[in-house]
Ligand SMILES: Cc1cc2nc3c(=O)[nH]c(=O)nc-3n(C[C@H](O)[C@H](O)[C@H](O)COP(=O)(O)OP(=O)(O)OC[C@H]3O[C@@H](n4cnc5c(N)ncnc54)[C@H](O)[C@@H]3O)c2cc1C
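Before any questions on how it binds or moves, here is one chain, the form predicted alone, in structure tokens.
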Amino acid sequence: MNYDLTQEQLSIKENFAKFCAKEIEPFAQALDAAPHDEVEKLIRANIKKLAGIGYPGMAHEDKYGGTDLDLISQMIAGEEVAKACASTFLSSGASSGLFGIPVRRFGSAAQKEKYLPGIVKGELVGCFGLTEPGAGSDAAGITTSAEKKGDRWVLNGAKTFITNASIADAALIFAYTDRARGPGAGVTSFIVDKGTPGFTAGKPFEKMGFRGSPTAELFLSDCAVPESAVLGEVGKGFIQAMQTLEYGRIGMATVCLGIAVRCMELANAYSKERKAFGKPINRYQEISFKIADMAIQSDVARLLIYQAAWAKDTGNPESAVLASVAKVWASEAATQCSSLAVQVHGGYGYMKEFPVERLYRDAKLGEIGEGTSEIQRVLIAKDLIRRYAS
């Protein structure tokens, strides 16, 4: 088993670290504090910046402007983006990943040609509309419907907690087309463009963390779309969503890793400079052990993420449960590391001038988004029960 990164992967890590330290991180605090109208401009600008270094295109084919790199390479770059600004990672990933990957995997040639070049260039922003006010962990409980009328589908319903909803140029919407057939054969996914009559976005929510990544509701009221808006086959939408969420969970684990690592770096640097009782606080075991724990949690998270990414790339049937394992560990590591970082900073860690305050607020989403830690444990337990059934 070889744990060495390839020369290309080492180069990706170095290039993204330098780029993000210069072009993304210096503006992360301002993005977090900006009012909603400014956030929408700033986050789109950041997505465009990342497109300049090829980040959104890593998951897409070269004929659409991408570089089609392996998933581990994507997560290597993603860790650097997340370290610099978790909000930028989230919005960029929702666009190129949660929206872009289903289009790549299930879309028609015309759909790919329409959306993927813009995604890769950072000129088109997408979003993933699955969650509803009454259907979060229970994704099969969505109530949004689509009824075929002539040559068009008419959608009605509402989505909530949708990353990029207020800035998206296109949304992937999951709706029941035949409720009697259940989610496995009765849900269809549709690509709905901004400006389509009957399709509107609500105002961005006021959130505790990830404030630089807009989250809002989507409303569909007699929203008519053509047959060409169907992604893949009618009735296959729920399967598409579940397969996409495997990528989403690996991505959420990666943004949590970035948060954890950045917290460790900041706590380590601060503890070298801050003195108490005549010496730097990192000379005290009470502080040094906290930083050691942060390193342990971050390193384990990275290994689990790479394992899950490798499994997904190679078609390993265990990829789904490995994604859940990585997501649980990394998300809980991020909340713990951010808490430890605030503690190391003492009173200064509670002040908004210090980045660990923002990272502490950002970290909590990891245990909720892309399937809560509780749901991940349900999936892991089911896999174990199946595997060791007598």
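Since this is a predicted model, take the numbers as computed values, not measurements. Position 1 is the first residue in the sequence shown; the rest follow in order.
Another form exists, predicted together with the named molecule; not displayed. Remarks below refer to it.
> In the predicted bound form, which of the stretches 229 to 237, 157 to 165, 81 to 89, 294 to 302 has residues with heavy atoms within 4.5 Å of the named molecule?
Heavy-atom contact with the partner occurs in 157 to 165.
> Give me the residue from 220, 192, 76, 130 that has a heavy atom within 4.5 Å of the named molecule in the predicted bound form.
It is 130.
> Would you kindly say which of 28, 322, 58, 365 lies with a heavy atom within 4.5 Å of the named molecule in the predicted bound form?
If I apply the 4.5 Å criterion carefully, the residue I get is 365.
> Is there any non-hydrogen atom of residue 381 lying within 4.5 Å of the named molecule in the predicted bound form?
No, residue 381 is distant from the partner.
> Flag residue 137 as yes or no: does it have a non-hydrogen atom within 4.5 angstroms of any non-hydrogen atom of the named molecule in the predicted bound form?
Because a heavy atom of residue 137 falls inside 4.5 Å of the named molecule in the predicted bound form, the answer is yes.
> Is residue 17 part of the interface with the named molecule in the predicted bound form - any heavy atom within 4.5 Å?
Taking the distances in the predicted bound form, the answer for residue 17 is no, it never comes within 4.5 Å of the named molecule.
> Does any part of residue 112 reach within 4.5 Å of the named molecule in the predicted bound form? Heavy atoms only, please.
No, no contact at 4.5 Å.
> From first to last in sequence, which residues of 362 to 385 have any non-hydrogen atom within 4.5 angstroms of the named molecule in the predicted bound form?
Contacts from 362 to 385: 365, 368, 369, 370, 371, 372, 374, 375, 378.
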